[in-house]
Every structure is written in structure tokens, then in C-alpha cells.
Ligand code: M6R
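Coming up is one lone chain in C-alpha cells, specifically the form predicted alone.
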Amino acid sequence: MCGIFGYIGKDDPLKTCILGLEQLEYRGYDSTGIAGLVDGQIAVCKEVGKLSKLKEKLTLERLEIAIGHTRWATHGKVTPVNAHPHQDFQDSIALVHNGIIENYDALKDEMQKQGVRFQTETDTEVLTNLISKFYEGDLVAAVQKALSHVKGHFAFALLHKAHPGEIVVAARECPLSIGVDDERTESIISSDPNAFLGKKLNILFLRGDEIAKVERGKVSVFDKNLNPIAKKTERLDAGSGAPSKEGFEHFMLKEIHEQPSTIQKAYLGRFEDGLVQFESLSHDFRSASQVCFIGCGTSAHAGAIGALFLEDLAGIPSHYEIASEARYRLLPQNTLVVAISQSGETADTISAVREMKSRGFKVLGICNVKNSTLTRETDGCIFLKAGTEVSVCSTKAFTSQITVLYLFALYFSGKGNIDELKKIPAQIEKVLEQEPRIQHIAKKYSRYDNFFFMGRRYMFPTCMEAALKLKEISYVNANGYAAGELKHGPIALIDSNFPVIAFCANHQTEEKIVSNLQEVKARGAPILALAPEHLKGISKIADDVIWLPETTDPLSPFASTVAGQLFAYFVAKERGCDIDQPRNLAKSVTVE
């Protein structure tokens, strides 16, 4: 999940690398670091914590080329010595790495017997010393030899003091892109092509043990046998504006408030003459006899709602699987796999996609980021058009996902209309108008450390998503349950210190959710209900109610989700948590 950045060119390498890391910090902020060459020697500066900590300490100057890193820790504790870049024991190489070296322990034991000294707990230092071991004057050849001994998935970039004009990079199943400007005055390396600083570049993507020697305005690519490859490039004309909070205290709150607009963007221009038309699809996927949605975290919850859409609106048997488990499941023939990922780089989802495609299944992607791995490896992709989502805690991407999935169900059915869907932005505005009241309620509940979220039918995945939001940014134990399941075990935990957050906006199951609330009320649980306006009787059971606009059952997740997001946000704010960059998390999860 770590971020890699590198620069050779006409601009100041150090300043450019810092700007690049600012765009990549969403990938991890346990530690950051930069390495470069100064007068034929490697200079390194690294620090535990966010990039702001590194900036305070930064002493590097006059760098000729630079590589940088922002870390999400896998091997080794979050300490200065374990931060990247890492050097070999001869101080000849500096390397930054994303991914996991699975056989690092065996490699480390072997090199220790040969006299190599290690300073860190990381798998990255093992890779660095392995390349150093094979180095005999040709850096690309040393990398190629090292790759033949390494198991795992990774991307990395390295400098060598004897090669002042080049950065060597390689990738296996982890994203890595290289951009060159038209004038051939600079080359940029990044884990994410959308972090290319607003420059107009010709970019290429490495995969499958490909190695590249990157020089100023020039890239030479080789396969795992060191045969030269002529890689196809893609044009990237990125916008120059950096994300702004636009007056909001946090990006998360800004992105919550953007949802009336982003939902509109997701459906505008995609419904014409009574039919859904996706502009990006060249293949008709409707011959499938059933659909399997896969995703992780928030995207998995969107997939669960998508499965209900397909069954209710199109009559197509559907289910969802957590992507990390999906690759091991047996699917019937003629199943369409729909892979959902905001970033398009989620490692568990990409691995599942590759496995499904190897078995002959058609795979459709739903993604927010163009040029991402998912967009290149699926048979077609529908874009969310939600714009950049900065906060690690996903909000607008989720509601854009379920908007697209609602359209996808209508696409499969070949009929229907979006009149009710068009009302959703205005309904979300009504929820946003209740922000002061939701903040007041959140303050009341912020003292609790355990929560049950419950719902039925469409409200079940919706409550799971709301529980995830609270977990992510407030660091409290919050679990989403199908409401009917509480009495089959979990209700044993209920007492006066265990609030229940009830999602009640599913008309079909109203009577049953009211009965479930009576069950938890009898055990003394504080109850917060999120309920449609007509369900007035709920106020006699619940201690607090957030009232929601009326809509149909399939569209009920929208308003409920936004209310849940605001509740989580204000609980986290009251508890003094880091809302946009919560501990132990990263925006793009690129390790399995």
C-alpha cells in the first residue's frame, strides 16, 4: 500500500519529490522518506509519521535525482530505522518498495551466513542487499537476477551511486507507472499516475517482472529475461489543481457534502429513451445467467446492495463475495463477475479479477480512477465520475457506486426509469440540513466504546457500511448485523452501555425491525433510530431518531448512508481522532 515516487529532470528533484509524496500520502503515513544523489554519494532523510514531520526535519539539498516513499507498515514496526528508503550494507544503493517479499526470511538467513549485516526488520532491506549482492557494474542485470530469487508481489525503485543519471524500477503485480514529457526533459515514477503533478505526460505501466531503466526524458523497458520491450504509452493530461477542503474542516466532511452533486454525475447522460446506456462499454454483458459482485470494505458493501438491485429490478440471481475470499470460490459457468474498487488498485480485488479471468469468466469493473490497474485488466469498466476522494474513509465513492449499480440493474432489465433516482440528491440535501442535530446526537453517543448497527433487507449492508465508518475514524467497536440475527447470539452482549443504531428505512421489513428494537430495549440498550418520516411510532421506542425522507426500498440506502456518515464524523471529531487519515489505514490497499 506504500507510495513510491521518483524524479529525474529539469525541475528541483527534492521539491518535486515532496510534491509527489503529498499526492501519495493516502497510500500510507506511518513514515516517509527521500533519497538522492549528491556529489556521487547517496543522501537519505526519513522520519516516522506523516510527510509534515519529514518536512520539518529535511536537510537534503542539491539532489541530482530523487526517490521518495510514504509507508504503510507490513514487515517491521513503525520506527525510523524501518522507514524507507533502505540502503544496502555497503551504502551503494537506496531503494523504496511497495508490496511484500514472501521469502525474505530465507533470503536474509542465507545472506547473513555470507556476512551481510542487516539493520532493520523489513523485507525491503533484504531485497536491497540481494540486488547489491548481484551487482557487477550493470544495475539492470543485478535487478533481473534478484527478481529470479524473490517470491511475492511488489514494485520498487532504486538508485546506485555509480549510476548518477538513472533510476531503475521493477514491478510484479503491484502498480507502477512512468511518465515522460513531450520535450523529453523529465521522467517521473509513481505508484499512481494520477499523482503526476498536473503534468502532460506519456505514461507506461510495468507488470509481470518488467524492469525499466529511467533516465531524463528516456525509458528503456526489459522483460524478465532482459529482452528489450517496446511498451505502448498512454496520454495523461492531468488537471493542475491540488485537492482543497474549500472551507470545510476535513476532507471527509467536504466529500459528504459533495454527494448530491456526485450522485448526479453518476447518472447524468446514462439514461436515454427509457434505456440505460454506459458510454464506456463496448461489450454487452447481459447474456450472463447470474452475477457475482466482488470488492473489499466499502466496495464489498456496495456489492451487497448491487446484488439486491439485480435480483429485485432485473430478476437476475446475484450475490456478493469479499474479494479476498472470492478467488477460492466455485462459480457456475456463465457468471458475470463485477469487480468494484474506488482506486482500481486494491490488491485483493485485482488478484480475484486475475483468477476469475484465468477461469474464463467475463469481468466488469466499476471504478473511480482512470488509468488504474482494474481499468486495464477487466473486459469493460464503468466509471463513477465522483472526482478525487482524499479522505481515507470513503463516502462519496460509496454512494456513487450504488448509483452506478442501480443503473446497472436497470441496464440488465432493459426497462425502468430513473425518476425516483433523480429525487435522491434533493433528499440528501435534507439530511445534510440536519447536520447540527446529528452533531448534537453524536456528542451524546461519543462516550460509548461498543455499538451494534442493525438493519434488514437493504438496510443490512447499509448498516454494515455505517458501522465501518464509525470503526475506521472513531476507533470504537462497531458491528453491523442483520437485525434478525441479534437474538441468535449477539444479544447476550446488550446492556445499558451498548448502544444500538437501528436502520429502519426498509418498508418491507418495518414491522420486524420494530419488534427487534423492542427486544433490545427490554435489555436496556440506548437506541438511535434512522427512520423514514412516516414511522412516527419509532420515537416511543428509540431514545433518539434521525428522520429521513421517504423513498422506495431500493433507494433507501442513500439517505440512511449519509446520516450514518455524519454520525460517524461527529463522533470521531468529539473523540479527537484523526479523521482524514485514521491510524493503521491507507486509502489504496495494494497488499494482500
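Just so you know, these numbers come straight off a predicted model, no measurement behind them. The numbering used is simple: start at 1 and walk along the sequence shown.
From this point on, the text means the form predicted in complex with this ligand, which you will not see here.
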* Flag T462 as yes or no: does it have a non-hydrogen atom within 4.5 angstroms of any non-hydrogen atom of this ligand in the predicted complex? => no
* Using a 4.5 Å heavy atom cut-off, state whether K469 contacts this ligand in the predicted complex. => yes
* Asked: S343 near this ligand in the predicted complex, any heavy atom under 4.5 Å?
  -> yes
* Is T298 one of the residues lying within 4.5 Å of this ligand in the predicted complex, judged by heavy atom distances? -> yes
* **Partner-contacting position among T373, S187, N516, S394 - heavy atom within 4.5 Å of this ligand in the predicted complex** => S394
* Asked: In terms of non-hydrogen atoms within 4.5 angstroms, which of the given stretches 469-477, 352-360, 90-98, 74-82 touches this ligand in the predicted complex?
  -> 469-477
